[in-house]
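First comes one chain, alone, set out as C-alpha cells in the form predicted alone.
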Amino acid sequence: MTIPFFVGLDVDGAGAHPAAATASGQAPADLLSGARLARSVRQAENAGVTFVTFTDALLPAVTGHASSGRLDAVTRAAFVARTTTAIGLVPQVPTTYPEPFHVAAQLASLDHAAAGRGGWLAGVTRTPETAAAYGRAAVDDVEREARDVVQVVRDLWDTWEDDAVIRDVATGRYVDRDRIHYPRFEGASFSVTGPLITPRPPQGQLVVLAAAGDVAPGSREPLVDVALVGGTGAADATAAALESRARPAGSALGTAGPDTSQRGTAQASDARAVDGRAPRAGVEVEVVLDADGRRAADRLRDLDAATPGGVRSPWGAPAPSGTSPLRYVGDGAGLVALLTSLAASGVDGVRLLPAVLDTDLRALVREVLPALRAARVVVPPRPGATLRETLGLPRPANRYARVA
C-alpha cells in the first residue's frame, strides 16, 4: 500500500517565530482564545493537513510577557476534538518531569475524545529552570528518561485489554478484572505499578512522534512511530530522514515490563507489534511565505529585528543531532516544489512551523496545499479515520492479549 506524504502543522500561539505575537498585533487574550484556535485547526483540516501539533513548554517564551502565555497542550487538543472530524491532534507533552502515569491517562482520554485521532509529540526538557519550576533536581540523562517514560506510557495504554469493559448488568460488573493488568515498571528514576484509570485508547496506542535523538532506543519494542529531523538543506534533511527510518528504536525483548505471569504472552504480542511497525520519518520545516503583498525575506527580516531579548524559543534552535529545522523563505510555489522533492526522495512527510500562524496559514491554504493535492502528493485525511490509519500505521495488538 502506498502511504501518502503527511503534512503536519504547528498551531501554537501566534506562530513559531518568537516575534510572531508582536507581528500579529493581537492582544494576549485573543491569542489564547478557544475561538481563534478552533478556527485555525478547522482551516488546516479543510485544507487537507494531516495533523496539527500543539507545542508546549512550562516556562513562557519571554518572562513576564503576556503574549507568550499558553494553555496546556493536551487541553487545547481536547478542546478542538469535537469541532473536527478528520485531522490528527498531536499535543507536545514533555517526558522529563511530568508524572508518566498522568501523561498516559491524559493522552488516552484525548484519544477517546478525538475518536482515535490523538498523537503525542514526546519532548524533552533540558533547562534547569524547568526542573526548578517542578521542584525537582535536574535530570542529567533526558534521553534515557524519555525512553523510560515513553515505554511505561505504552505499557499503561495496554493495561486494559480492548474488551475489558463488559457492562454486565446481570452480574453488576462494569469491567472484567481479569482483563486489567499491572505493568510493574521499574525505571532508572521512577517506578509505576498501574493499571491505568482509563480504558485502552481507540487506537490501542496513540501515534508517538519525537525529534530524532530525543528518545533513547528501547529494549523491547520501537518506541517512536514518527521521527522528526532537520537539516541544513533538502539533501541533508532527506539523508537524515532516511537514516532515522533505517534505525528504529531497538526491537529486542528485554526484562523490564509486564509482571512475570503475563510476560510470555506479552513478549509474543510485542513481537507481533514490532512486525510492520517501521517508523515514519518526517522533516521539520520553518516556513516564512510571501504574503499580504510582502516578500518573505522582508517579513523575516522584520521579525528578527522585533525579537525580544532573552527569548526562549525553538525557532532556529539546534536539534540534539546538531541540525536545526530546515528553513524555507519564499513563495508558495517554491514550497510546493520543496515538499514535492522531499516526497519523491523518500521522506514520509513534514511538520511545518509557520513563522506567523495567521499569515502563513492563509498562504498555505490558498497556494500550497491545493497544489500538493492536485499533484497527488498529499491526500486529505478521511473523516472518521484514526491517525494511525491516515499514517499507514497498524493498530498494535495488546501486549497482554492472550494468543488463541
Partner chain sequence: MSTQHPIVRPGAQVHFGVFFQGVNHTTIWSDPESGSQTEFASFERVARTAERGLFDAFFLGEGLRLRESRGLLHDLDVVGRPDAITQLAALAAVTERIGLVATQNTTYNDPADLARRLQSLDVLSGGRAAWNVVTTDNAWTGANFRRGGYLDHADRYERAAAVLATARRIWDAFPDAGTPGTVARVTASAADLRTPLDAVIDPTTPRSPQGHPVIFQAGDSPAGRDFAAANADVIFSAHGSVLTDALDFAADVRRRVVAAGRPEDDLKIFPGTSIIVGDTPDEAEERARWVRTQQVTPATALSIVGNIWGEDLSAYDPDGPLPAHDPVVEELGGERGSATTGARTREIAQRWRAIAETEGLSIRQLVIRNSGERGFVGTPGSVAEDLTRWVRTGAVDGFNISPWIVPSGLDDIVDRVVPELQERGAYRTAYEGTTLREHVGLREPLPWRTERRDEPRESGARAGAGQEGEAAESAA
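Source: prediction; values computed, not measured. Residue numbers count along the first chain shown, from 1.
The form predicted together with the partner chain exists for this protein as well; it is not shown, and the discussion that follows is about that form.
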{"query": "Option from 234 to 242, 205 to 213, 131 to 139, 291 to 299 whose residues, in the predicted complex, bring a heavy atom within 4.5 Å of the partner chain", "finding": "131 to 139"}
{"query": "Contact check for Thr63, Asp72 and Ser109 against the partner chain in the predicted complex, heavy atom at 4.5 Å", "finding": "yes"}
{"query": "Non-hydrogen atom contact Trp315 with the partner chain in the predicted complex at 4.5 angstroms", "finding": "no"}
{"query": "Ala86 within 4.5 Å of the partner chain in the predicted complex, heavy atoms", "finding": "no"}
{"query": "Glu45: touches the partner chain in the predicted complex, heavy atom cutoff 4.5 angstroms", "finding": "no"}
{"query": "4.5 Å heavy atom contact, Thr307 to the partner chain in the predicted complex", "finding": "no"}
{"query": "One residue of Val124, Val329, Leu303, Ala105 in contact with the partner chain, assessed in the predicted complex (non-hydrogen atom, 4.5 angstroms)", "finding": "Ala105"}
{"query": "Proximity to the partner chain in the predicted complex, single hit among Glu145, Asp158, Asp225, Glu284 (heavy atom within 4.5 Å)", "finding": "Glu145"}
{"query": "Within 148 to 183, the residues that have a heavy atom no more than 4.5 Å from the partner chain in the predicted complex", "finding": "Val149, Trp160, Arg167, Asp168, Val169, Thr171, Gly172, Arg173, Tyr174, Val175, Arg177, Ile180, Tyr182"}
